[in-house]
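A lone chain, given as structure tokens: the form predicted on its own.
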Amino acid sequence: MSHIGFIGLGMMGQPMAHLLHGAGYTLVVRDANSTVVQAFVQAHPGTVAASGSADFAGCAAVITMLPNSDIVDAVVKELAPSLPRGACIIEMSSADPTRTRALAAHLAGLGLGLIDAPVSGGVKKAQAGTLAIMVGGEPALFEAQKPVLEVMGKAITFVGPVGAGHALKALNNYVSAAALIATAEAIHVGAAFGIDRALIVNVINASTGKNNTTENKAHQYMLNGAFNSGFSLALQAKDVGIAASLGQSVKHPMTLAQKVSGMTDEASRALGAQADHTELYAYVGQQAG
């Protein structure tokens, strides 16, 4: 199997890279945290810790799993001149779709390809290799990199031209955030009226309001005060902001998205960079006080 670069060994990136190593790929890895890199290399024989862009020169594909488009652009543009012609960037971050298209055009001028392949499912599905992956780009590039994606995901869907994956990921996360806020408000209001909080969630799960938050977050991370789902509120706020901006770019106001974006951004600023997105539940309750 070929060499693959993997940049970004965060909570999602580490289990994804682990699965690729287990599938027989030789990895060249990089992360801003050198301690994380060294620990991963020690646990995965044959893996190379990149000391610079030149270490990726033998990679047919490089996966990026990074926080935002600013970092993606900086990392990829620095790396690109060292890559062999025909290599492909598999951009799996949650990024701005318009900037992804611009980056793809830049790389095409260097003889390099790019597909955007953001993921959904959280840390547990990353560990299990069952992520949902939505892919944008040239169909031929998608088919060429599909075996790599299949190591990390189960529901892999080609959704359109480059940038479409990032667009759909942002829209999905907007819908998820809206449902979380609606669920939090419903629980707090129902409790104030005298209904048991756990019972509220159970009844919604047996009714038409059932959603990902009620099924997979309310009991597991919110009602018990754990707030440790593994997905940060800051990243959620960023994604919802991307979705709201996307609506404006295609002349669709997305009135609710603007409101959800404002709420998630406000909560993220108030709770801090380390806050888990499920802490929105507590934040919504505090606003009522």
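So that there is no doubt, residue numbering starts at 1 and follows the sequence shown. What you see is a predicted model, and the numbers here were worked out from it, not measured in a lab.
Beyond the structure shown, there is the form predicted in complex with a small molecule, which is absent from this document and is the topic of what follows.
Participant: So in the predicted bound form, does any heavy atom of Ile71 sit within 4.5 Å of the small molecule?
Facilitator: Ile71: yes, in contact with the small molecule in the predicted bound form.
Participant: Classify Ala32 as contacting or not contacting the small molecule in the predicted bound form by the rule of any non-hydrogen atom within 4.5 angstroms, answering yes or no.
Facilitator: Ala32: contacts the small molecule in the predicted bound form.
Participant: Might Ile4 be said to contact the small molecule in the predicted bound form, defining contact as any heavy atom within 4.5 Å?
Facilitator: Although the small molecule is absent here, Ile4 would stay clear of it in the predicted bound form, with no heavy atoms inside 4.5 Å.
Participant: Counting only non-hydrogen atoms and a 4.5 angstroms cut-off, does Ala17 reach the small molecule in the predicted bound form?
Facilitator: No, Ala17 stays farther than 4.5 Å from the small molecule in the predicted bound form.
Participant: Just one of 150-158, 183-191, 208-216, 118-126 has heavy atoms within 4.5 Å of the small molecule in the predicted bound form; which?
Facilitator: Result of the contact check: 118-126.
Participant: Though the small molecule is not shown, can you say which of Ala61, Met263, Leu66, Ala244 has a heavy atom within 4.5 Å of it in the predicted bound form?
Facilitator: Exactly one listed residue reaches within 4.5 Å, namely Leu66.
Participant: So which of Ala50, Met254, Leu27, Leu235 reaches within 4.5 angstroms of the small molecule in the predicted bound form, heavy atom to heavy atom?
Facilitator: The option sitting close enough to the partner is Leu235.
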